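One chain comes next, on its own, written as structure tokens: the form predicted on its own.
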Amino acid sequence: MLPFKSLTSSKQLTPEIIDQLFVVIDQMAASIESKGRIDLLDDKVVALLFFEPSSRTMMSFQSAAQRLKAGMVFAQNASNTSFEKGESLEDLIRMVEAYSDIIVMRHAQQGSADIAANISKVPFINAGDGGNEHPTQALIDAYTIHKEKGRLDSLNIVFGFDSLQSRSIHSLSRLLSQYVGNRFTFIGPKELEPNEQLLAELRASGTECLIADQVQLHDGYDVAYVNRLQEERFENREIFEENRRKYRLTKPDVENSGCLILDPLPRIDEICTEVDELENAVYFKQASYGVPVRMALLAMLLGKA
């Protein structure tokens, strides 16, 4: 069991809760390896509402539900739902809770997850609300770092390259700020630096936060967490076009650096494909952890693990 009914922010994922989750995630990964599917949620129905484009998040939640033998109801693209007719988010959630035991939603509106979670009578999981948060991705990222580095504290971490608009960067930095001794360096164009509200929040937790245009990853960094420039969120297209290929990791940048390379994907311009062959490039392994991580969350929020 988790101490909350719904997950909308990575700030809910305290070190104590993460320790519990990691145990269950390991169990889920072992069950995939040994059995493929288990009947833990064969009496439950999972609602997947994806009103913004998704590949990994959507498919890994589908896979997680299927590996737990849960039933599913599914809605993709707002134009295929009654949103197109003007139905409110609140009414939609009231309807879907009658059809399911837990709701997973991705929505383009920042703050929509809190609205939905406050309305829903069944557990709710935020699968991304605009440029705000993506807590399940942050848990996947933290699990990957823990598996590769053996710790989540005392890490020297680079975040790039769109710290202003990347919900994945927002969520992971908030999660890791709860651990002692971590140091964050945000790199990218000045126009895409993290906003002052996020920086103040992170610094208030005791985390050192630096801003830089570029860094050398051979200079003692433990993790480089990079994300594409969020093309769909740019009001000024010129900023996107000017920077989309300026900020990218090449093989010489990361080879023999000892720096773990993570990316929530999709990869567009931010990492050259030649980096893929390096041992410290773990973003595809990171993506594979999405299934056991989301299996654990579904099971624990439904009181089954």
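Because the structure is a prediction, the values reported are computed rather than measured. One-based numbering along the sequence shown.
Below, we refer to the form predicted together with a small molecule, which is not included among the displayed structures.
- Not one of 9, 107 and 170 places a heavy atom within 4.5 Å of the small molecule in the predicted bound form.
- Heavy atoms within 4.5 Å of the small molecule in the predicted bound form belong, among the stretches 64 to 72, 261 to 269, 32 to 40, 239 to 247, to residues of 261 to 269.
- The small molecule in the predicted bound form comes within 4.5 Å of no heavy atom belonging to residue 44.
- For residue 230, a non-hydrogen atom is located within 4.5 Å of the small molecule in the predicted bound form, even though that partner is not displayed.
- Contact between residue 163 and the small molecule in the predicted bound form is not found at the 4.5 Å heavy atom cutoff.
- Although the partner is absent here, residue 126 sits far enough away that none of its heavy atoms falls within 4.5 Å of the small molecule in the predicted bound form.
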